[in-house]
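Take a look at this one chain, the form predicted alone, written out in structure tokens.
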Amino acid sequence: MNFVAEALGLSRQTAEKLEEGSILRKAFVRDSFFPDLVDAYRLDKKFGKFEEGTFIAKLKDRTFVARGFPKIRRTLLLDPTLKKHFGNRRIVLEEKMNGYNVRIVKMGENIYAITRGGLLCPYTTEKARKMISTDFFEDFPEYMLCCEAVGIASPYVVFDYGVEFDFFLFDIRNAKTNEALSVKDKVEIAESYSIKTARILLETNADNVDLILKTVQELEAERREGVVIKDVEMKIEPLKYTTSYINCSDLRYAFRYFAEYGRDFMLSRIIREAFQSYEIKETQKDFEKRCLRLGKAILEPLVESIKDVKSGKDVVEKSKIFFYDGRVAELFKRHLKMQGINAKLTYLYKKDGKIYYELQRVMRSTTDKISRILEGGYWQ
């Protein structure tokens, strides 16, 4: 615990209290796959200036801190929010990709991938070591690559971008201070080191709402998630705005596994739809289409889950993932168990140097809730 206190500038007693209160928690499963780490913790909640997901490691020769990724506030209306937030600054619309947020860092001799919650993920780390060159870190050792991990072989968020699994850079930040490089510097550095980036869709002013809405509607037609709206100098916090397609996609997922997700998750997406409908001044016909789309996103997955349980099945989430090394698959099982995730990893086959598994996560709360109701139980 001394190294955590030293790294964060806290007293040992404060660090111990954070651990006792489950705010400071273990960040990884010990294994030779993480050879540079002696120990590591993460902040499960924001503490002082340190964001939730802040990662603190003891290496063989020093301590290392990777600040948690700042939460990005959401706007439900583009007008007047963008002008109020950004003023006269130039802004860019960057595609918000539907995956999971990772910080890629180099500690000691190896690359590591840290998830948004501050966990050192063996699955993601294995991919990062294959796909990200260490050259960037040789020249920028104090920085971290903030990426969206996306693809159909994701163990967390499956979305088809035409790739099995890949990383798309959206920020370069100082690991210790969290200060972000400008959009221009990020793009130039990414090009220099052949790092893929999230698409920059538009550079404009905050009052150009019609063009911004048009860009979002083009993303809607592509069935994409939305945009992150950034000050080009990265001196003002970004905002995010999502498409109707992804709002309904999120609702479809949440209602399929309704007992695993809170009401706030569901309600917030319905409210987003209302404000978007209002702002774009859609016709009655388009409004009715939105209502139908929203209703189907809620009811269809719910009925599917009920039918599964009635037929004797568990409600499960399935995805097909791959490893380059079977030993990492075993480590990933331990990683999921550490988080209390009820999941099963089943070997499928080997192909092109990859070992494929089916990841099956049993949604126990949803399964049990439906089962009780079908047997004559009450909602509450």
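The term rigid core refers to the maximal set of C-alpha atoms that superpose within 1.5 Å between the two forms. Numbers for residues come from their place in the sequence shown, where the first is 1. In this text the structure is predicted, and so the values were computed from the model without any measurement.
Beyond the structure shown, there is the form predicted in complex with a further copy of the same chain, which is absent from this document and is the topic of what follows.
Can you pick out, from Asp160, Glu288, Glu222, Glu138, the residue that has a heavy atom within 4.5 Å of a further copy of the same chain in the predicted complex?
Of the candidates Asp160, Glu288, Glu222, Glu138, Glu288 is the one lying within 4.5 Å of a further copy of the same chain in the predicted complex.
Just give me the single entry in Thr81, Ser154, Thr125, Asn247 that has a non-hydrogen atom within 4.5 angstroms of a further copy of the same chain in the predicted complex.
Exactly one listed residue reaches within 4.5 Å, namely Thr81.
Should the three residues Gly48, Lys106 and Lys354 be counted as contacting a further copy of the same chain in the predicted complex, with contact defined as a heavy atom within 4.5 Å for each?
No: no residue has a heavy atom within 4.5 Å of the partner.
Please name which of the stretches 300-308, 211-219, 128-136, 97-105 has residues with heavy atoms lying within 4.5 Å of a further copy of the same chain in the predicted complex.
Contact criterion met by 300-308 only.
Is Tyr253 one of the residues lying within 4.5 Å of a further copy of the same chain in the predicted complex, judged by heavy atom distances?
Result no; Tyr253 lies far from a further copy of the same chain in the predicted complex.
Report yes if any heavy atom of Lys296 sits within 4.5 Å of a heavy atom of a further copy of the same chain in the predicted complex; otherwise report no.
Yes, Lys296 sits close enough to a further copy of the same chain in the predicted complex that at least one of its heavy atoms falls within 4.5 Å.
Whether Phe258 contacts a further copy of the same chain in the predicted complex should be assessed with a 4.5 Å heavy atom distance threshold; does it?
The answer is yes: Phe258 has a heavy atom within 4.5 Å of a further copy of the same chain.
Find out whether any non-hydrogen atom of Met363 is located within 4.5 angstroms of a further copy of the same chain in the predicted complex, and reply yes or no.
Looking in the predicted complex, residue contacts with a further copy of the same chain do not include Met363, since no heavy atom lies within 4.5 Å.
Using a 4.5 Å cut-off on heavy atoms, which residues of 355-371 contact a further copy of the same chain in the predicted complex?
Going through 355-371 in order - heavy atoms within 4.5 Å of a further copy of the same chain in the predicted complex - there is one hit, Ile370.
Rigid core superposed: Arg372 CA moves 2 Å or more between the shown form and the other one:
Shift at Arg372: 2 Å or more after core fit.
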